[in-house]
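A single chain, nothing else alongside it, follows as structure tokens in the form predicted on its own.
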């Protein structure tokens, strides 16, 4: 790698890989209000054959979904592949997959549901992804550099593929080079695009002008696993899996919470709201108005003058959606709004809106959650279907 000796460079600068190249200034990718949706073309639809060169993306899923970091990594591979139409993007998903990742640019998808990130089995995972690599012989391998298993697994892969070039915590990428911070983040090191790339978060844009076909491929097993399966023997691992330690939602910082239930001025009964949060095992947040009224402590405030959150699901109850509050939830993946006013700004921002009285809806949700917990998985699915009809 070569060093850039300008100590004033900020490694967190908003460079992001897009389909049209690197963008210095990154603007929001949220759709404009009343913007008409349009169909995107399928990239590489005419040359989808087995002899194509491929870029392999490896990532764990979380409860059947890919998080934003993983989706960005798939999109980064699609951006690299888009410059040459004879390259296929293959996504290898470790764990269940219950969503279509065509919008990320994946052309082919291999799912290995037995390798959930919740179970620590790096040797077996490495053996199986090595089998996939040997079968596909990809020109590049990309993985998200995260803390749920991909970062650790990626470094194990780099160590096993010692003849290949590699770069970790890559913050900038295009078809010619990759860049990573070093010297405690004061400098940036550049190199030609390596074979194995562990990509940092927010290095690529997922809003692509095309989609992939995302066709499911048969699983490729390592010879070790096939032999163990045939002999009905379990592979011996030097590791002891202690599982994941469950932390009560009230002990999780709002910035790290995956599910947040947030109250605004429209919540008159705080006791019902807290019962709902307990039923959903969700962290509790609040708008500035609710905090100023003394209903919640200041550390629960979400917004520009409070905390910025990145929850997978954010449920806003009785919150109108001032600009400052919307700024604090801009990185939340799914927003659900419960509000009396169907013209409130939070309703326009939400992915799902429920218009009605907050108290009545919270009571109904508490009862629905209690009932769902007592049902079997199949009965719960049927109940949800009937509820949404």
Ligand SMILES: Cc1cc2nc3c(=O)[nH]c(=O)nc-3n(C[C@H](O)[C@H](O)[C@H](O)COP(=O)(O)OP(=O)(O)OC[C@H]3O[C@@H](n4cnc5c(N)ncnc54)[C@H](O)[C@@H]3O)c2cc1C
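Numbering follows the first chain given and starts at 1. Predicted model only: the values in this text are computed from it and were never measured.
What follows is about the form predicted in complex with the ligand, which we do not show.
> If the cut-off is 4.5 angstroms on heavy atoms, which of these, 183, 304, 248, 159, is the one near the ligand in the predicted complex?
Contact check passes for 304.
> I need to confirm a contact call. Of 266, 95, 149, 138, which residue comes within 4.5 Å of the ligand in the predicted complex, counting heavy atoms only?
Partner contact (heavy atom, 4.5 Å) among the options: 266.
> When the ligand is placed as it is in the predicted complex, are 261, 275 and 313 each within 4.5 Å of it, taking any non-hydrogen atom of the residue?
Heavy-atom distance to the ligand in the predicted complex: none of the three under 4.5 Å.
> With heavy atoms only and a cut-off of 4.5 Å, decide whether residue 341 touches the ligand in the predicted complex.
Looking in the predicted complex, residue contacts with the ligand include residue 341, since a heavy atom lies within 4.5 Å.
> Please tell me whether any heavy atom belonging to residue 332 falls inside 4.5 Å of a heavy atom of the ligand, as the geometry stands in the predicted complex.
Outside the cut-off, so no.
> Is there a heavy atom of residue 318 no more than 4.5 Å from a heavy atom of the ligand in the predicted complex?
Answer yes; at least one heavy atom of residue 318 falls within 4.5 Å of the ligand in the predicted complex.
> Although the ligand is absent from this view, report whether residue 111 comes within 4.5 Å of it in the predicted complex, heavy atoms only.
Heavy-atom contact with the ligand at 4.5 Å: absent for residue 111.
> Among 190 to 198, 204 to 212, 282 to 290, 101 to 109, which stretch has residues whose heavy atoms lie within 4.5 Å of the ligand in the predicted complex?
Looking at the partner contacts, the answer comes out as 282 to 290.
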